[in-house]
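A lone chain, given as structure tokens: the form predicted alone.
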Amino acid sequence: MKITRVETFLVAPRWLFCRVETDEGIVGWGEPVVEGRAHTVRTAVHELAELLVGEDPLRIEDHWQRMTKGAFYRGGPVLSSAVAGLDQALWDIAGKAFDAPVHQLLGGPVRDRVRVYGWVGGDEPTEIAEAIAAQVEAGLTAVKMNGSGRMSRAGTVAEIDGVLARLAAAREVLGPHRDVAVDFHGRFTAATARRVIPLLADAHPMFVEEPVLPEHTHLLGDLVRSSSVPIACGERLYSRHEFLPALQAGIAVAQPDLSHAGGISEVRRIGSLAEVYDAQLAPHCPLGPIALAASLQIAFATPNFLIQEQSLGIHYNVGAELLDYVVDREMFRFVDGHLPRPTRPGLGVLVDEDAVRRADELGHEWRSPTWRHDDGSFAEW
């Protein structure tokens, strides 16, 4: 079997899909994207495709090595995301070739269902209680919300009180048997995070995510030691090498993104590395159905998996929703806050190719927002 063609599709609301075709008619799908840089990643995918066309798709690890190390300049979100989508597609082909779900190729399932959570509140979190009640009604047992909107460098009394009030409102709706995670989104300075995180302990958040920017990973150890609240990070870390100092600092939850961190091949290794440090794996995935399908394959084969993010109804989904590009939605139907184990070969998702091609005709121009502080200076989004 040989790879004959690689195509990419820019689809709303902010995603990029890739399709890898073989001479035996087996097709694999992946989702390589950096949100806000989809066009750039698209170019990188087609550059890497030069290494794949004409080759055996089942040599997945060899392809991963060549794509990541075959040039003098390596790493970074654009390259690792391009590799991630192609890697997903190669695993999809392998599963279909062997007539098995990808998690079966990774050693078989270690659980029968996967717990998931949904987003509430948006980038400037409001109406938290109402939004959480809707998610509970939809069958979820866990949610995640931003702790704040834009956060001043010192963290005012009002801003900090707002974080506490939102979490208290969430806990009141959720009760003691459901969970809430709080995302700081890299908006807090280390000093503000050190002040705020201990104040959240009484509400028992499942974790606090990205309390500082990824370039400040060296400060995570102080935050871990300052509070009993579990610390999570990793959506902007792209390899096991980048995760190592965060794990050494004592994070409780590693959050690699299957569309950013080198795909199934590398996230599998990140999960194993996290297990060495007694950390749990909770893949980041505010993206589309292919990224979620790939994440689920990892979830079912990873012993130290915690919970899976998914984007149904997330505030970024303007113009298209998670299930708009799939033929059979049963794979993504929540039952008691969980998703069932997929049994179809490959990634398990049936992509609506006609819908994808139509969407690509329109494309998208999604960009991350630019925020500013009251004095006009740049603020972290």
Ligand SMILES: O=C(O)[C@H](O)[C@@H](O)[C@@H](O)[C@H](O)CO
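The model shown is predicted, which means the values in this text are computed figures rather than measured ones. When you see a residue number, it is the position in the sequence shown, counting from 1.
There is also a form predicted in complex with the named molecule; it is not shown, and the following applies to it.
Heavy atoms within 4.5 Å of the named molecule in the predicted complex are found in one stretch of 337-345, 350-358, 46-54, 309-317, which is 309-317. Here the marked residues 144, 183 and 235 all reach the named molecule in the predicted complex, each with a heavy atom within 4.5 angstroms. Taking the partner from elsewhere, residue 381 is found to have a heavy atom lying within 4.5 Å of the named molecule in the predicted complex. Not displayed here, the named molecule is approached by residue 286 to within 4.5 Å at the level of heavy atoms in the predicted complex. Heavy atoms of residue 366 reach within 4.5 Å of the named molecule in the predicted complex, making it an interface residue. Residue 209 belongs to the set of residues with a heavy atom inside 4.5 Å of the named molecule in the predicted complex. For the stretch 104-135, the set of residues having any non-hydrogen atom within 4.5 angstroms of the named molecule in the predicted complex comprises only 119.
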